[in-house]
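Presented below, as structure tokens, is a lone chain in the form predicted alone.
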């Protein structure tokens, strides 16, 4: 079996890298890092709109909606390269909501939203989790009452990360209060500037901001409903399958930095790369990174085959985020006591990046469904094991 990229894929990847090297600025890279690589902050918007103008934001979409009609393998390669190079690569609109609209939205909704997404003009924020509904998204209780030509929303959302820099909320709310839990939810698009929305910060251990969002008598036009009313739980599950692909590019870059550090750092008159334990652990991580990419590009193959990955997406998300943790764990061990120093310290090694990514890697095993949830999906959907 040939796992190599086509010449066209390699060309696009090289062009993207050269473009980012030319257009990227230290301020933009720092802004991206501080925001956890999500899209919406000012400097990130500038470069992503330029990337989008070349069709690289939504390369797999049809030309009608601003894409290049490229293969999913090309799309996945571009996203991974964006992560490696340090530009925003976490897009709710382009990578989660957009594909869901493409499959379930009306023609009018596609024409309204997809072109604006593909240009980078707008970004969405996920609006799933609530104080009582985290892993069990069927327990969503935000009320959306039918008022004729609009829905009236009241309730709270929690850990909605990019709401402070996004334009719209990709929101799940309960529209049927008598139906079974998973049958009374609808998906809708809400303008985050709507009266009645209050957004408050929650700072994670990684230093990233996520948000608590309150809705008080917020009006949402009915034309903003995605697909059919009360079918939103199924659309949300589909969007989650798109979300659960984790490009390892950012941590591959950290691993490359660790390799360089091991070769150049001298202890007892020899590079630490010659230490048998460090060599063995670096080799093990290189193997696991290769395995992660096989899982990652298998998702692209599934999509190119006309299917939507389900448990396969959970497999990749679980393995990749835990590999990211093992990469940073090894980096912390290699630095010894220097691993406690942040970038402001003159004694910090590698500008304090390892301890920073050590903390972010923990956060990433939680979002889009915890590792425990991914294992449950793999067991029930992949291995066909009973739920109890």
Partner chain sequence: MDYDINEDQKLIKDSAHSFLSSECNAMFVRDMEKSDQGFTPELWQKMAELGWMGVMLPEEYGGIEGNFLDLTILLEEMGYFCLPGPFFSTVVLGITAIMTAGNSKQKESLLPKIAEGNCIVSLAMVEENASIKPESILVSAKKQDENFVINGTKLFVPDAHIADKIICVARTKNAGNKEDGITLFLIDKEAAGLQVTPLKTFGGDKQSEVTFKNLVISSDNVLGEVDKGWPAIKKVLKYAAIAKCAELVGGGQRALELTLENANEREQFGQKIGSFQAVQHHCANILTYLETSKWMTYMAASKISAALPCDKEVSMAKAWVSDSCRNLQALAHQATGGIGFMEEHDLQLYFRRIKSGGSSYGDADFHREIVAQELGL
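Residue numbers count along the first chain shown, from 1. Note that the structure is predicted; figures quoted are calculated from it, not measured.
Keep in mind that the form predicted together with the partner chain is missing from the display, and what follows is about it.
> Going by heavy atoms within 4.5 Å, which of 56-64, 356-364, 43-51, 22-30 lines up against the partner chain in the predicted complex?
Replying inline: So the stretch in question is 356-364.
> So in the predicted complex, are 16, 199 and 308 all sitting within 4.5 Å of the partner chain, heavy atoms only?
Replying inline: Not one of the three qualifies.
> Does the 4.5 Å heavy atom contact test between residue 297 and the partner chain in the predicted complex come out positive?
Replying inline: Looking in the predicted complex, residue contacts with the partner chain include residue 297, since a heavy atom lies within 4.5 Å.
>> If we define contact as a non-hydrogen atom of the residue within 4.5 angstroms of the partner, is residue 291 a contact of the partner chain in the predicted complex?
In response: Residue-level check for residue 291: yes, a contact with the partner chain.
> For residue 175, is any heavy atom within 4.5 Å of the partner chain in the predicted complex, or not?
Replying inline: No - in the predicted complex, heavy atoms of residue 175 and the partner chain never come within 4.5 Å of each other.
>> Contact with the partner chain in the predicted complex for residue 186, defined as at least one heavy atom pair within 4.5 Å: yes or no?
In response: So residue 186 does not count as contacting the partner chain.
>> To verify the annotation, which of these, 214, 194, 106, 284, has a non-hydrogen atom within 4.5 Å of the partner chain in the predicted complex?
In response: None of the other options qualify; the answer is 284.
> Taking the partner chain in the predicted complex, which residues along 326-364 bring a heavy atom to within 4.5 Å of it?
Replying inline: If the 4.5 Å heavy-atom criterion is applied to the partner chain in the predicted complex, 326-364 yields 329, 332, 333, 336, 337, 338, 339, 340, 341, 342, 344, 345, 346, 347, 355, 358, 359, 360, 362, 363.
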